[in-house]
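Next up: just one chain, as structure tokens, the form predicted alone.
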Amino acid sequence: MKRRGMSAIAAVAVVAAALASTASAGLTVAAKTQAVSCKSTLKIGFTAPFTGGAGFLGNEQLSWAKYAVKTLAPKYGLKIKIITGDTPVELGPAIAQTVAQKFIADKTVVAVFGPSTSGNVVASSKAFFDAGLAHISASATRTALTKGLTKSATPAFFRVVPGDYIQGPHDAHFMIKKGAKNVVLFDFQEPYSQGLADAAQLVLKAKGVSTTRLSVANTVTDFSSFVTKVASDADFVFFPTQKPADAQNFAQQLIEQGKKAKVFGADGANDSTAFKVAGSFVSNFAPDISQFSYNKSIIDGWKKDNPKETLGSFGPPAYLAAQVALNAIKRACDQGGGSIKDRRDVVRNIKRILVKNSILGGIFRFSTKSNDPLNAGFYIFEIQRDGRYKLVG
């Protein structure tokens, strides 16, 4: 299973390298798409896991994207409909390719939210690029998607959150600050966890911390056999799963076997309803957005539409991604005299977007060097006895 998954990733990387060699051609490599009137109902595809172990992520993002479209699209004079494509993480990259083709075939789809996971970005980015479709992720963090000599995503991919190149080292430095001498790092044989574990391990080793790397399929739910491999003197277990319930199970099994190591989950484990073992840690790309006073009306409006939901970390970046997309669509409509003549016109406008009061705090703009947010950071939370996530770094 691992060998087959790595071969697929390698194949996409080769394609991405070929695309990089034609960078000067920009977004003109494929035929123009059919023009669509901006007075009609335009569609935005949303590709994310809505079911399965990471279903909480996609559904939280969807609720915020819907709220953004509901409240912001009329301000731009746009009529927007979100259509969804479910990509459960357990099904691997093939489902992302199927969903991409569904969106591409619908000529009224002018942009895409997601993919939510790095592996699905790798699997579908070339198809979106060839179709001229901008795809903006609110949670895909693998460094190689946007950086490096051989990028695994294309110039049509953007993200509104920072990548592993910030998160991995940030998490590693926090563990070192806490006195870590021995750290066990997991990966789950897919791009998200592999990239994060690689980035964290590089810093830990450079600082003289002893590290052990364990690899497990992301379909495993009983980790007892892996817990036995965690040394009794290990300080932390870096556990970048995309399924919070797995982090909960692993942390409980550590305790059951008398291990002292603290579980350190990344953004994929950041769910206070599922991962709540006191003393554990999680890192995330989003702060508590309620600390910014200008967000009050947005939060109140979202809560009114979603009375049974709690304010989390995955949803607000999806609101920002929608805000960026809608702004770029509006610009493309204005430039096209009331129609989008080519979906690539939306792509070309995204890097120009600036949000003065971003829902994530401060000014949002893209870097001039990559399709990443400028000056973004990560936040570390410690799980308290009452289940609260307390900001600690």
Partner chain sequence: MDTFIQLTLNGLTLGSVYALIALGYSLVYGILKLLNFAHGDVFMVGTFIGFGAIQLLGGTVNPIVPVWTLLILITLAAMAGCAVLGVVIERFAYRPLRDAPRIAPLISALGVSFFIAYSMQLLFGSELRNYDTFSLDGGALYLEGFDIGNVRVPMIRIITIVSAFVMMILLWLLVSRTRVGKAMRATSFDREAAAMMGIDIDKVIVFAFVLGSALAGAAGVLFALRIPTYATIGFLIGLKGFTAAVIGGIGSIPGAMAGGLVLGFAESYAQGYISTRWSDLLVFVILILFLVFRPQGILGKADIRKV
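What you see is a predicted model; the values in this text were computed from it and never measured. Positions refer to the first chain, counted from 1.
Separately, the form predicted together with the partner chain exists; it is not shown, and the next lines address it.
Proximity of residue 253 to the partner chain in the predicted bound form: non-hydrogen atoms within 4.5 Å are present. Proximity of residue 336 to the partner chain in the predicted bound form: non-hydrogen atoms within 4.5 Å are absent; the residue sits far from the partner. Not displayed here, the partner chain is kept clear of residue 305 by more than 4.5 Å at the level of heavy atoms in the predicted bound form.
Using a 4.5 angstroms limit between non-hydrogen atoms, residue 248 touches the partner chain in the predicted bound form. When you look in the predicted bound form, the only residue of 222, 233, 106, 300 with a non-hydrogen atom within 4.5 Å of the partner chain is 222.
With the partner omitted from this view, the residue of 84, 71, 97, 189 that lies near the partner chain in the predicted bound form is 189 [heavy atom within 4.5 Å]. The stretch from 291-299, 115-123, 147-155, 224-232 that comes within 4.5 Å of the partner chain in the predicted bound form, counting heavy atoms only, is 224-232. The three marked residues, 52, 88 and 277, each reach the partner chain in the predicted bound form, with a heavy atom inside 4.5 Å.
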